[in-house]
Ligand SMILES: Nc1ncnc2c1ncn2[C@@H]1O[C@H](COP(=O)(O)OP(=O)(O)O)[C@@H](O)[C@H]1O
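Just one chain follows, in the form predicted on its own, and it is written as structure tokens.
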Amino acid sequence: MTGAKRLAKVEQEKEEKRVSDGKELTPLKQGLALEDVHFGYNKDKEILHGINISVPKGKTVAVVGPTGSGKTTIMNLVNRFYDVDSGRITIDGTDIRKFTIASLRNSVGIVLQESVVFSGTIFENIAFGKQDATLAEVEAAAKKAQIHDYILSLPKGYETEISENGDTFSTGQKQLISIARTLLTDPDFLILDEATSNVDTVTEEKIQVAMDEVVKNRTSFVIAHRLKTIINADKIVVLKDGTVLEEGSHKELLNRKGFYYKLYTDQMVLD
């Protein structure tokens, strides 16, 4: 009955607004920008209040802030899981609502807090976003994601079957598979949403090495709670209650001794 209710709820959802004659998104030339973005999941409660963030091509911009500040909401808007209430999000100066959803989402790679694996082989899991991928391409992605050696240690290597609950792998290893899958698709724009939040310290280091490889020379949004993972970002944007409080490099923000300084020093004490 629970499953049937969930299916019924999905069936009742409205279709996404699609642009029938939308543009096809071409390779990124300048970057992505949020311009005076206002948004709320409910009309009577606004979550984002006039957000302005620019992500130049090839740069990594980290978005930090307390729970509920609007970090993940920004990711949802960039992918057009929801549309802004006012303002706009642009890629190379063009409102993303003018692009086809397929071309927009094919250009964006996402690594979430909760890693996703499917029933099937390891090869099929990594190649999920690129069905014509060769073994050599999959192995190259796995090497960059720091999971290749572990896969080779398994009796069947890349042909090892993964069960639906993914119990062949630890949480961190599943995350590395997710990162390899994203690397293989070679997205123009990358979003890493709390990618190290659910793993132990040793695995976090491996994931951090993989993430550094992923964002190298790539236009990236990194959404983070653990601030030590984003100190090398080109720019850090500090959100609180749906507004931008501060932005700058890690060093600049520490020197200001504002909200970011407090967040960072509090975390260092806890760590």
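In this text, residue numbers run from 1 along the sequence as written. Nothing here was measured: the structure is a model prediction, and the numbers come from that model.
Form predicted in complex with the ligand: not shown, discussed below.
Participant: Candidate spot Y150, G172 and Q173, all three in 4.5 Å heavy atom range of the ligand in the predicted bound form?
Facilitator: Checking in the predicted bound form: none of Y150, G172 and Q173 is within 4.5 Å of the ligand.
Participant: Please identify, from 59-67, 25-33, 230-238, 208-216, the stretch that has a heavy atom within 4.5 Å of the ligand in the predicted bound form.
Facilitator: That would be stretch 59-67.
Participant: Which one of N125, Q146, S115, T73 is close to the ligand in the predicted bound form, taking close to mean a heavy atom within 4.5 Å?
Facilitator: By the 4.5 Å heavy-atom cutoff, the listed residue in contact is T73.
Participant: Within 4.5 Å of the ligand in the predicted bound form, heavy atoms considered, which of A224, V37, I47, V244?
Facilitator: Result of the distance check: I47.
Participant: Using 4.5 Å between non-hydrogen atoms, is F81 touching the ligand in the predicted bound form?
Facilitator: So F81 does not count as contacting the ligand.
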